[in-house]
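The chain below stands alone, shown as structure tokens; this is the form predicted on its own.
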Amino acid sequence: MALEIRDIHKRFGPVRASDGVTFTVEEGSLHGILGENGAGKSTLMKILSGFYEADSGEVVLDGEVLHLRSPADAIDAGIGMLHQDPLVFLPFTVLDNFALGSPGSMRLDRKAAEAELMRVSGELGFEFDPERLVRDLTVGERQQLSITRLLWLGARVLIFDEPTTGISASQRIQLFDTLRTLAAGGMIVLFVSHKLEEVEALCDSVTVIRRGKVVYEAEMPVASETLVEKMFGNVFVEEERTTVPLGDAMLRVEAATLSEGTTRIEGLDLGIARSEVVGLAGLEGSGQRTLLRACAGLIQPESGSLSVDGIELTRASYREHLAAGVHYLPAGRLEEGLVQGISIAEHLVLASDDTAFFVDWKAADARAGEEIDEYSIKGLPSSAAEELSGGNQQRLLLAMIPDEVKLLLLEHPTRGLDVESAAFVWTRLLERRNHGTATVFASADLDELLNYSDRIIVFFAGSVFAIRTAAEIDGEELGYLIGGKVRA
């Protein structure tokens, strides 16, 4: 069995997302797909999995030309895709999600479906309670459920799009073991990632895509410098960490009780200085998101007080927080930060403080063009938000931040971004720090927390477990603290 991608072309208006992509992957391969944000990786994977239809070209599996017009066509042909955010129905049970889309009669034989769930998951070493609600599973467990379902449906080719985003270190190890097992069993596994170290550790071959074209193919191992040069066209060098003098208190949280969903934080006292960068670490649901949303005015403290630059905001609305100089960038770029169906120019109009009754669209398009150049967004003023890659969506969100911000709150600011895009984001954020903006960000990336924070606040089970100066802590100790332990 071999998967052949032959001269695939796909355009979105004037943008050539896939421009003659051609390569072959043999059975039993763990094949890495590398490229910067906007290079065309996701578009190609969506073509292979039936979400998009190619303008021209062929996908051939085991000598058969496939006609992929929907995800159902793809899975029928033996190609399944695990998305960065697993496609599951949160209110449904594990068993219901497993059985969705399965062939057979209208009535589900739950006993037979449960037997198949336990058989396939058991072969992979996964453990599920069939009646557990999927909303109660971790991201890693949802991935395992999706893998189990795709294999049951007959997938011979599995596509993994940034699969390590949002999962724990132990779940990543288990995922990698699973992928190795699948490849050893003769399957084709395509591993799409921005993380060079993961591709180097896992994959036995690699294809690099840049600007919609295949620019490099090789058997692993390959030097990191070579992969970076092929991805970006030059060898990218990260800037050394710099510090600036901290000012007086910008954010004060005193004796606060914060509650959202199942997360509750009691008696929180916190002070953050002007120009300080504070990283929030912890397992998902430990309290980081709750703190960020409380500081943004999206939830109000049950007790205690919260102020920014001396302005009392304890019971203030989100709009009042904005007026006080607070700005929040959520992790869900399309779900919470942007609006699907409207253009870059329209987003910038919505984010502006222009109160004119009519919009000068000629001026709006001109300004959008300037911001596109300034933030290196790969798109046009007329490009809709959902047409942009994740990295370009994040660049648009950065362009929408007002010039004068006192407190900047960010949730996973570089999740899913390649190394150059992540560095660009932090260059922009640190420029604001240099002008007095206090920055608080939550991240699951230990390197990001250590490289950019002045202090790191570790949450565990709804409370502040530890506060450390970033310069005095290493990744191992931070990992212990996130797990609720102190290194001996």
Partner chain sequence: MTRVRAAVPTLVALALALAVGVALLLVVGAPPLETFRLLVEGSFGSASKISATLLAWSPLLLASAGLVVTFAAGLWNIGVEGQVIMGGIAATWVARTVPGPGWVLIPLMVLAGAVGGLLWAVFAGVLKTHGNVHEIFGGLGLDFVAAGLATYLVIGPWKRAGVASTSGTDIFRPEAWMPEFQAFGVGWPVIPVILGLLSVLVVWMLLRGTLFGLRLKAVGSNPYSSFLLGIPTNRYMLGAFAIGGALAGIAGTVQVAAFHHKLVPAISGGYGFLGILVVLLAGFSAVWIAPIALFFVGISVGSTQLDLQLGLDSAFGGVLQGIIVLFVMFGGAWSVRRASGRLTPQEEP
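Residue numbers count along the first chain shown, from 1. Treat the numbers as computed from the prediction; the structure is a model and nothing was measured.
Below, we refer to the form predicted together with its partner chain, which is not included among the displayed structures.
- Taking a 4.5 Å heavy atom cutoff to its partner chain in the predicted complex, the contact residue among Y375, F126, F232, Y328 is Y328.
- Checking L90, A356, A223, A201 against its partner chain in the predicted complex, a heavy atom within 4.5 Å turns up for just one residue: A356.
- Stretch 344-352 is the contacting one of 141-149, 344-352, 264-272, 184-192, since its residues have non-hydrogen atoms within 4.5 Å of its partner chain in the predicted complex.
- In the predicted complex, at least one heavy atom of Q340 sits within 4.5 Å of its partner chain.
- Residue contact with its partner chain in the predicted complex: Y480 places no heavy atom within 4.5 Å of it.
- Within this chain, A17 lines the site of its partner chain in the predicted complex, having a heavy atom no more than 4.5 Å away.
- Shown alone here, F23 lies farther than 4.5 Å from its partner chain in the predicted complex, counting heavy atoms only.
- When contacts are defined as a non-hydrogen atom within 4.5 Å, all of Y52, R319 and L322 contact its partner chain in the predicted complex.
- Panel note: the distance between the CA atoms of R211 and I401 is larger in the predicted complex than in this form, the difference being 3 Å or more.
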